[in-house]
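Only one chain comes next, encoded as structure tokens, the form predicted on its own.
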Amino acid sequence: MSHSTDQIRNVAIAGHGQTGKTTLFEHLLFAGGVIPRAETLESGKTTSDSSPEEIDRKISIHAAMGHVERSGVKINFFDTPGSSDFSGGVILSFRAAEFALLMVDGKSGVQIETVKLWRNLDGQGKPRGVFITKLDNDQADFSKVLADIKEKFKVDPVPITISMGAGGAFKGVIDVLHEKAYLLQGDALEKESPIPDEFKDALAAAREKLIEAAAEGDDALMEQYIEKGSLSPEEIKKGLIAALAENKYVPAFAGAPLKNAGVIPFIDFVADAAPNPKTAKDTMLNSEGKEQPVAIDPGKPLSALVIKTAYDQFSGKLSWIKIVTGKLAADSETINVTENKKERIGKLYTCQGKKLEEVKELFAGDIGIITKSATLKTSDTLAAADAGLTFVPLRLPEPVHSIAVNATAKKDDDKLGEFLVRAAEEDKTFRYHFNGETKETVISGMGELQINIILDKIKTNQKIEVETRVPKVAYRETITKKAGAEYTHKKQTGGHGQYGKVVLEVAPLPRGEKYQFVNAIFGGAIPKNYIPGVEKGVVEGMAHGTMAQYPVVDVEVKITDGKYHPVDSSELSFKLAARNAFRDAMRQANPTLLEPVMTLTVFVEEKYLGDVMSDLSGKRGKILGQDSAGGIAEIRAEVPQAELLRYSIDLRSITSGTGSFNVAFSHYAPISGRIADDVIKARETFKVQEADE
């Protein structure tokens, strides 16, 4: 059955690891009548964690999707991974959903990944709620966690459900919006019951806060609230819908999903008040490459974004798509705008975990799956016709951990490459490339765990043994003062000879300027048609510097004079002369090595702050600043890339696995002394080995 846009809700469930995302997802499907019983993580049979590696490790690795029907509304739920190693699944789910639900442990409160996810949602202005979970555990405290959220995020969450007790005294939850109590029933669904007298004051206080939030949704409602001091149930619902769509309040939910507590009132709220896709927008690139918002609108021609690519052993390639405008029908012709190719749509599906369910059409706002697509890949745009507009690609973080790999058996190298390419297609935070400069195959990802799982999968399924090592750093060379040189290339053979003389001056450029070529020839000392040959020679000379044969950067090269022969000169002669003149000039220009420096942002609990700062100092890091909020510290630093090749492992060790970080290239900086000597020595060894192969 297909659903119209206003009958659809999309919810991404996210949070720190071990906060119960998969458990809530499983119990939502059970409460919605989709599955006959809710399975536990330990059973290995949950709907969303279905891959062998997820079952084996008992963690979510891939984003999964399922849906339930409630009050005529279809609710698509995404279960996302908690580990930062698999953040790509969270990002694609946030892109596809109009509402995000952050799970927060009822005992631990806000944790590092919660902070990072919140900041991501702030960057998008996306509506979000919080589900305070595991309230049946000892030391869990609903009010205390609400206060923690208020302190750390500077928002005052609005309870939609409140807890009836906690720990051993936890009885269930009260639905503040509908004024109903739901009592625990063991393994069965929670049961609606009258509200116990002891919780009526708490309900009244929460109800008042709810009405205030609803009044924020509309000026007329605010006037009504100020005049009468209250709102009718219909006005409350109207206000909550409008205010949440504009991210004006954060709804909070209480529960213990493993015992089915708080699940039904959460589904009811999503069906009643969560943003429907018509309230949201996606973002496209126009013909000039500028971003422009696009409303999710069923009335316009088809456009859709591919949010995920997966491979299933039975169904083959699966392309997950979010319909943004119009509708997509099975057995139809479309255009892959990104590739400018026709895309024939065969069957269309939705899913419950890995189980596909065939549908005839999908309307704007819905999410579905195309199987065995010939051209589609993640972030591609699908449309009814090529209007020249494509959706902005998924905004994914840069990888933070890299290793060099090769197959133990040389004959398996090509096969290994094929499966690494496929892994990079399935998880866009994983990268695979051959570095021609260091002659290494390098894979990069969000952490050691992500990379190990991918390599273990290849080893198990394809029987390929893989060797790994720390990758080589791509150093650069530059000059620090002006210098000049001249070189005459002269070669006499039978017939025409070769002749070209060039006079060059080199000068350092500011860091990051790369290269500038200046033709300062006057009076025709070198004819114009040979100048391109001179520049080609300079570029070739810059490819291998004079210190350790690393590429040369940030140099201005000026040709000031030269000489030619009317018969023996050629472009080749001047290219060879310029290449040698450049190298002679560089040797006299006080050359120096440059190393890549990265911008590092580290997120740690405050108790680890001193240890992390000390470690960064030992890594030649320069601290740029730090912020702390509610026990979570953010450290910003610049650190040489050579010191960060194993940082994901180091940080995990320092912070007992709780810290995380982002890293991006910043600039190149000079190195000298023992560090430079070690780099040159290692490069010489590499060049000898390369020559022997």
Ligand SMILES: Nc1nc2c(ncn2[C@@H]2O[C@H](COP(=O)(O)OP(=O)(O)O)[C@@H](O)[C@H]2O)c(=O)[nH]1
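We number the residues from 1 along the sequence you see. As the structure is a prediction and not an experimental result, all values here were calculated from the model.
The protein also exists as the form predicted in complex with the ligand; that form is not presented, and the subsequent description refers to it.
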**Message:** The chain here is shown without the ligand. Which stretch in 337-345, 570-578, 510-518, 134-142 comes within 4.5 angstroms of it in the predicted complex, by heavy atom distance?
**Reply:** 134-142
**Prompt:** Quick one: of A256, I174, V306, I443, which gets a non-hydrogen atom within 4.5 angstroms of the ligand in the predicted complex?
**Reply:** A256
**Prompt:** Can any non-hydrogen atom of R9 be found within 4.5 angstroms of the ligand in the predicted complex?
**Reply:** no
**Message:** I'd like to check something about S648: if you look in the predicted complex, is any of its heavy atoms closer than or equal to 4.5 Å to a heavy atom of the ligand?
**Reply:** no
**Asked** Is V663 close to the ligand in the predicted complex, meaning a heavy atom pair under 4.5 Å apart or at it?
**Response** no
**Request:** Answer with yes or no whether I635 is in contact with the ligand in the predicted complex, where contact means some heavy atom within 4.5 Å.
**Result:** no
**Asked** Within 1-25, which residues come within 4.5 Å of the ligand in the predicted complex, counting heavy atoms only?
**Response** H16, G17, Q18, T19, G20, K21, T22, T23
